Ligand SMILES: Cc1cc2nc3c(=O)[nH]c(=O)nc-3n(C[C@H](O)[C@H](O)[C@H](O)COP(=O)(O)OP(=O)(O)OC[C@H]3O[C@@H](n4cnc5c(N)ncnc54)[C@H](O)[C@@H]3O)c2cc1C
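Here's a solo chain for you in structure tokens, the form predicted on its own.
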């Protein structure tokens, strides 16, 4: 038996991969519904389509460009094909895939600990605990992974919070907005179009920085902004750091539980699913999971990690200068062609095409 704790997209994707190969899999999810509450911006690079075929049940818009807006309100626009998803439907789609392949899905079941070679699961419907013998235990249970805590390798983690609102807003459905500056102290802010009249407005911040979010909503929506809000969404985001432990004996972490996050954008679905493929292969062929996922992701996650440390030290003047430099046709062409999933390749090509960016690149090794 392979026990997967958490039926988010990464846990369900892993369950699907393993069940397709004939392994006995049970996925335990503490919530009563898959994909609820929504804790993700729901904006993915086109790399997702190399992992799973896009489906109209969860794909709700395709953007063709990103506009990056500096603190002084100058901006630069890049051609970029990316995807807006319905996160609830995306999670349910993957859970259904896992179930159709033979995985058992147990809702309202919360992991509570270990008992020797067994795991302890609380059936929240009956309030009774179960002991389940598992050959492999996978924590796909998010930033505050109970599996990692109970197994003793949670470590010291930094958590941020993503805050988002679905709002009524007239916007270009083909253009995503990214807002930079020190009024967004931990990252950046975004406007993601669902359609011509509905968008998602959000930012990443510290636990106590909710006022930045309200101010951005007020600035972007104008008078009566509260009446334009359809729904609030949000969730915790782990910060990736090099050297995080993701395996202990037959216990593994994947996705947000393993902090497999791009620190520049806080995106975790694509790296988490890539790591899930590595974990599936490791289980099926007795490979070293730590080595396998790091071979595919370590370099890129490290660059995201260093980039975020650099950007956290930027002044508004630095952001204004960066946007100005990126306005050249050569830079816009490179950014339009290269995926943000692979920043090492992107940065190298940017420097080759625009030497002025070399000064920013050098900061990666000084942050």
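In this text, all values refer to a predicted model and were calculated from it rather than measured experimentally. Positions refer to the first chain, counted from 1.
FYI, the form predicted together with the ligand isn't displayed, but the following is about it.
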* Asked: Though only this chain appears here, would residue 148 touch the ligand in the model of the complex if you measure heavy atom gaps against 4.5 Å?
  -> no
* So in the model of the complex, does any heavy atom of residue 44 sit within 4.5 Å of the ligand? -> yes
* To do: Using a 4.5 Å heavy atom cut-off, state whether residue 320 contacts the ligand in the model of the complex.
  => no
* Would residue 138 show up as a contact with the ligand in the model of the complex if we use heavy atoms at 4.5 Å? -> no
* Asked: Which pick from 189, 269, 103, 167 sits with a heavy atom within 4.5 Å of the ligand in the model of the complex?
  -> 269
* Which one, 98, 261, 275, 119, lies within 4.5 Å of the ligand in the model of the complex by heavy atoms? -> 261
* Only one of 53-61, 312-320, 35-43, 297-305 gets a heavy atom within 4.5 Å of the ligand in the model of the complex; which is it? -> 35-43
* Asked: Quick one: which residues from 74-88 get a non-hydrogen atom within 4.5 Å of the ligand in the model of the complex?
  -> 87
